[in-house]
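As structure tokens, one chain now follows by itself in the form predicted alone.
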Amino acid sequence: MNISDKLKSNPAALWSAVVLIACALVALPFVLAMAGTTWVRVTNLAILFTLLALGLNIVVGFAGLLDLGYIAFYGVGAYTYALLASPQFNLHLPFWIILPIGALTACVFGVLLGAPTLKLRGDYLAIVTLGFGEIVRIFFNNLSQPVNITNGPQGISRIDPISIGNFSFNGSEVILGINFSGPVKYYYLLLLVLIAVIVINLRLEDSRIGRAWQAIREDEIAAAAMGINTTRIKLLAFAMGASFGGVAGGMFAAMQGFISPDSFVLVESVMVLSMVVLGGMGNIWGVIVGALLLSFVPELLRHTVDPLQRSLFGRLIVEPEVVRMLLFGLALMLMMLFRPAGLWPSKVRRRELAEK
């Protein structure tokens, strides 16, 4: 019996664990702020990548459709927010209108990607989705002539922060005698969005749709023979996954205040896919663990490799970014050799590997 099964069989222990985790999450940004606001910002970006990983997990983990262009939906959501809440078009709509529009726009792009690729699987699907991601980025990079829509490679700046009435998430404010900086306020907002996305994912996983996705992942022909409309279900997977990416992109644009096509390159898609694979495809909690690890560990290396080399050798020998990527590649190789299902695989995936 694993830890989750033990907690489910003991409600008192389960609720105690929930309360402890909630208290830790509430106190986390203030603890991190003691080491510098930078770590609060890193945590916010980690939550954004967790949102992206959960969205991609629907496509890759639940439905078994390899997507290498997922970052395109992130960019669509970000540019939707930027265009509707910046001086670019002199529009300044409230965030509660823009975020659903961004999610819907990304959802439409997800359907546009899914519709022509319904008969593709494996490497062929990966190549098409990779091309889609690059096409979207190139569009963002070139839609500045003859009509300036995206401002090209210069990006869009002075994007409105998220605000509710006179309460802005961008600046510092004292509430009940406690100073809340902009990153701390965004942390709590992102945490609420993350909890909502986790609940949606859990409900989807146990729903008829979730089981249909799993059936398609295991054997699409058998799923179709059992009466599952594979076309509709696969399109729904692309649409749902894309919508989560659109929401994350809108939050990213509001937090940063500036976006450009360079924020949505192929490497980011590969990073999000690595989070899903590392944590365990198809397992929501595993994906969260993978996303947090691949968000925090590189930052820890960035802040330790340089000082460590200077203390040992008196100078910088290897750039921290090079060391970070080497260790990242080595970790993925070891994972594929010793834990191919990921750090926390789903029960189905674990059973499949055990049978092999």
Partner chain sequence: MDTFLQQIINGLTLGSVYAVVALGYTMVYGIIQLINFAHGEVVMIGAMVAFTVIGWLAANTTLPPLLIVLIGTLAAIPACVAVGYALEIFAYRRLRNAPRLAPLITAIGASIVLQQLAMMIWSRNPLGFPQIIPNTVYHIEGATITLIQIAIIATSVLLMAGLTFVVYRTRLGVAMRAASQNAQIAGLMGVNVNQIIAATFMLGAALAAVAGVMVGTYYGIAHYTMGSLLGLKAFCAAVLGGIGNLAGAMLGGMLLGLVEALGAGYIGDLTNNVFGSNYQDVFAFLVLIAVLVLRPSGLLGERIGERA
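Positions refer to the first chain, counted from 1. Whichever C-alpha set is largest while still superposing within 1.5 Å between the two forms counts as the rigid core. If you're wondering where the values come from, they're calculated on a predicted model, not measured in any experiment.
Below, we refer to the form predicted together with its partner chain, which is not included among the displayed structures.
*Asks:* Indicate whether its partner chain has at least one heavy atom within 4.5 Å of a heavy atom of residue 231 in the predicted bound form.
*Replies:* No.
*Asks:* Could you confirm whether residue 221 comes within 4.5 Å of its partner chain in the predicted bound form, counting heavy atoms only?
*Replies:* Although its partner chain is absent here, residue 221 would touch it in the predicted bound form, with heavy atoms inside 4.5 Å.
*Asks:* Decide whether residue 87 counts as a contact residue for its partner chain in the predicted bound form under a heavy atom distance cut-off of 4.5 Å.
*Replies:* Judged by the heavy-atom cut-off of 4.5 Å, residue 87 is well away from its partner chain in the predicted bound form.
*Asks:* Any of the heavy atoms of residue 60 lying within 4.5 Å of its partner chain in the predicted bound form?
*Replies:* Although its partner chain is absent here, residue 60 would touch it in the predicted bound form, with heavy atoms inside 4.5 Å.
*Asks:* Of 92-100, 117-125, 237-245, 79-87, which is the one stretch near its partner chain in the predicted bound form, taking non-hydrogen atoms within 4.5 angstroms as near?
*Replies:* In the other structure, the partner sits against 117-125.
*Asks:* Using a 4.5 Å cut-off on any heavy atom, which residues of 322-338 would contact its partner chain in the predicted bound form?
*Replies:* 322, 325, 326, 328, 329, 330, 332, 333, 336, 337, 338, in sequence order.
*Asks:* Is residue 27 one of the residues whose C-alpha moves 2 Å or more between this form and the one not shown after the core fit?
*Replies:* No; residue 27 is a residue whose C-alpha shifts by less than 2 Å between this form and the one not shown when the cores are overlaid.
*Asks:* Is it true that residue 328 shifts between this form and the one not shown by 2 Å or more at the Cα, once the core is aligned?
*Replies:* Yes.
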